[in-house]
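Take a look at this one chain, the form predicted on its own, written out in structure tokens.
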Amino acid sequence: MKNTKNLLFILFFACLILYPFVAEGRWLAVGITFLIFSIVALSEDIVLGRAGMFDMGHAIYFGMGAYICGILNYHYGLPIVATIPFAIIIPALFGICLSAPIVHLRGDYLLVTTLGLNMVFLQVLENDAFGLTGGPNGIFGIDSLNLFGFQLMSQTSIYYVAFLFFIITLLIIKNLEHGKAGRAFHYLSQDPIASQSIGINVRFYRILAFALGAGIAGAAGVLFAIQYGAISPEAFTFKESVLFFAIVLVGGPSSIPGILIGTFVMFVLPEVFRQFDTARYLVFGLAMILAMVLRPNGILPFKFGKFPKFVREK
């Protein structure tokens, strides 16, 4: 079983590496966006799937990373590479600041609060805060990525940069799964009270989940800015937050294969049927309904040990 799983992963990565050789034009752009959305969905999974907190405002951190990259490059002339640390650290700090007062909220209350934060973020962008965000038109003319003197302007080079970020994200998530923080997240999602009784600092790990998720989503935002060379508020609305939320639920919380399948179902499938215009959302909706009816815990949910009986009865 383990060998089969490893073989499927090798085949999947081989397909991703070879993809630019067989795809071109719009489909190469779809491949880049698939990698970017997979990174954001994996970061949303840290908060929603692994730590068990409803976050309906994850597009905030994705957009924050893109705007930090765009502002520092367009207004202050920083090379794209130099903006990457800022696009990771600042969203992570905002994740800490925004989550600290609300992590004690549960379920619907946390969901509505994060939704409100997403709407505030959108208003800030559209009102051209401090004359930096460009208002509803956004920022155009972001430079291309320059690495070691090579200007990476082609779609193929951007694809492989996105692939590199994707691999780094997977390594972080795998490391998290086998580490103390990953186990703490999982037990938190099962039962916060029982987690506290076995010595897990509930507040600390909840804030840590938000900070980690925000930092990774910020890095994905840089990729988005590089891909399009422009950013605008409409790319980071409530609709995008719902998409990332749905990817985790449909694919399977805490499951890397599940998140990747969820991204394919929720983003790539509608693109396949783009020729049918708005009717393609029928496929999107049917796929979501079927997944939830047939696999209510997600297509490939992760299975992890539960609390020992003596802890649950404490």
Partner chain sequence: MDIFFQQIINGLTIGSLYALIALGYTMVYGILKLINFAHGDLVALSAFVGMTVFAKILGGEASLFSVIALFLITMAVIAVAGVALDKSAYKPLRNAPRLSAVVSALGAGLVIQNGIMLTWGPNVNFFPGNLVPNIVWNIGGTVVTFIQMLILVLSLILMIALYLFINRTKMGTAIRASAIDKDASRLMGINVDRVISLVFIIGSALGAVGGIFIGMYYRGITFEMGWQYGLYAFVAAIMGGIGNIPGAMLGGILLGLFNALIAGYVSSTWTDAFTFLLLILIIIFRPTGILGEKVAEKV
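On a predicted model such as this, the values are computed, not experimentally measured, just so you know. Numbering follows the first chain given and starts at 1.
Same protein, other form: the form predicted in complex with the partner chain, not shown, and the subject of what follows.
Handout entry: Residues F54, Y109 and V293 all lining the partner chain in the predicted bound form, heavy atom within 4.5 Å
Key = Verified in the predicted bound form; spot residues all in contact, yes.
Exercise for the section: Using a 4.5 Å heavy atom cut-off, state whether L286 contacts the partner chain in the predicted bound form. Expected result: Yes, L286 is a contact residue.
Handout entry: Close approach of V272 to the partner chain in the predicted bound form, 4.5 Å, heavy atom
Key = The answer is no: V272 has no heavy atom within 4.5 Å of the partner chain.
Exercise for the section: Give a yes/no on whether Q155 approaches the partner chain to within 4.5 Å in the predicted bound form, heavy atoms considered. Expected result: Q155: no, not in contact with the partner chain in the predicted bound form.
Handout entry: Non-hydrogen atom contact F245 with the partner chain in the predicted bound form at 4.5 angstroms
Key = Yes, F245 is a contact residue.
Handout entry: Contact residue in the predicted bound form, chosen from G131, G179, P101, G141 - any heavy atom within 4.5 Å of the partner chain
Key = Comparing distances to the partner chain in the predicted bound form, the residue within 4.5 Å is P101.
Exercise for the section: Please pick, from V124, L93, A230, I200, the one residue with any non-hydrogen atom lying within 4.5 angstroms of the partner chain in the predicted bound form. Expected result: Exactly one residue meets the criterion: V124.
Problem - One stretch from 179 to 187, 73 to 81, 212 to 220, 113 to 121 that, in the predicted bound form, holds residues within 4.5 Å of the partner chain by heavy atom - result: So the stretch in question is 113 to 121.
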